[in-house]
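Here you get one chain, nothing else, as structure tokens; it is the form predicted alone.
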Amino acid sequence: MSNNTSKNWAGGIFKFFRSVKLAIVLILIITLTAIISTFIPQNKDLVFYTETYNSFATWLILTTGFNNFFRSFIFIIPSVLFFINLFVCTFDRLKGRLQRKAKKRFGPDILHIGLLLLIIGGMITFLGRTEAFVRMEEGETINLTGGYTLTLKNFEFLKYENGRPKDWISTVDLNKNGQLIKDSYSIEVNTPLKAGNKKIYQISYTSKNILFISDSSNTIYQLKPGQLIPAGDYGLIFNDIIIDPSDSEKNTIIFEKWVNNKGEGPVSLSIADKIDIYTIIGTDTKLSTGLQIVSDPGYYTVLIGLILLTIGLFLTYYQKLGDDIL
């Protein structure tokens, strides 16, 4: 009796998850809740929700997890149930195809398997995806996971004739375990560099003013904004450079004068001016690139899923076309 009861329970559960109606309901729930989530700002601080919504709406959003929808139970539970439903339907259909002596048509089964892999890959991506931001100057090398190293050989900031930004180009070398695998690859805004399961995107740049001074022994020093030049009983902190587009020799260098640890206001000097034993000899602007490194552990699973989806769709259409011709 207990064995029959267990079989009945198992059969009932199997039949429940094999239901097409269940699939339709779950798809509707996922779609509806996803649409609702687009109207609610995601991943904001608690203060944002309390100031934006009334107390009941705030409680409802935080309790249901609509503030972080793709990690909430209202998304995860229907998605897991849909995955089980799709898996059971695929298994049942494939098993039936193998058992029957009729002509085998595996297009829909391959399509379902591809969809399952897409869901698995999407979950792996969602749970394991990482993003990191790095800023690099020419000649700098950084280490990446997986034995990769990235060296910035050159960075260009291209502009249109009217001065608007046109493109940012980071020319890099990519090595793996000491071996060069990408030589002088140009990372642009819409042309990322792929390194294993990582993609490296060009997303920003910064410029940094440099000041060159020399002392009485002709030793040259390079100063960045915020650095101090001692000048007897006072000091000058290098702040900024006002660029003269017609002649860099006419650039104006802005300092903040400090006396007894107290700011005394800005001071403007030019190239060739002296500051105690130091002489201003030149200026320069260094550009640094901003790169975003995105690691996606689900990339290959999603890729295989897409390939199987394509094959499944092709086989389904091809076999259906053959039936229509016959």
Partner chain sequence: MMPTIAFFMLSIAAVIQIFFLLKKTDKPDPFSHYFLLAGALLLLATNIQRSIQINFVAVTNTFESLVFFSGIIALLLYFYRIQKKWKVLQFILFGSTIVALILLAIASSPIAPKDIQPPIPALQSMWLVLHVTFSFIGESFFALSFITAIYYLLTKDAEKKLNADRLTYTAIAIGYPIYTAGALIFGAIWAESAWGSYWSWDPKETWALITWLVYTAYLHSRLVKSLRGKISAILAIVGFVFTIFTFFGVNFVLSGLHSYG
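Every value quoted in this text rests on a predicted model; they were computed, and no experiment measured them. Residue numbers count along the first chain shown, from 1.
We do not show the form predicted together with its partner chain, though everything after this point is about it.
Could you check which residue among S270, T52, S55, T31 gets a heavy atom within 4.5 Å of its partner chain in the predicted bound form?
Partner contact (heavy atom, 4.5 Å) among the options: T31.
Looking at G235, P192, G196, G107, which has any heavy atom no more than 4.5 Å from its partner chain in the predicted bound form?
Comparing distances to its partner chain in the predicted bound form, the residue within 4.5 Å is P192.
Given a 4.5 Å cut-off on heavy atoms, tell me which of 253-261, 288-296, 274-282, 55-63 is the interface stretch with its partner chain in the predicted bound form.
The contacting stretch is 288-296.
4.5 Å heavy atom contact, F155 to its partner chain in the predicted bound form
Result no; F155 lies far from its partner chain in the predicted bound form.
Does R129 make contact with its partner chain in the predicted bound form, using a 4.5 Å heavy atom cut-off?
R129: yes, in contact with its partner chain in the predicted bound form.
Does K21 reach its partner chain in the predicted bound form if we count a contact as any heavy atom within 4.5 Å?
Yes, K21 is a contact residue.
Contact label in the predicted bound form: F133 to its partner chain, heavy atom within 4.5 Å:
Answer no; every heavy atom of F133 is more than 4.5 Å from its partner chain in the predicted bound form.
In the predicted bound form, which residues of 152-168 put a heavy atom within 4.5 Å of its partner chain?
The stretch 152-168, when checked against its partner chain in the predicted bound form, contributes Y160, N162, R164, P165, K166, D167, W168 at the 4.5 Å heavy-atom cut-off.
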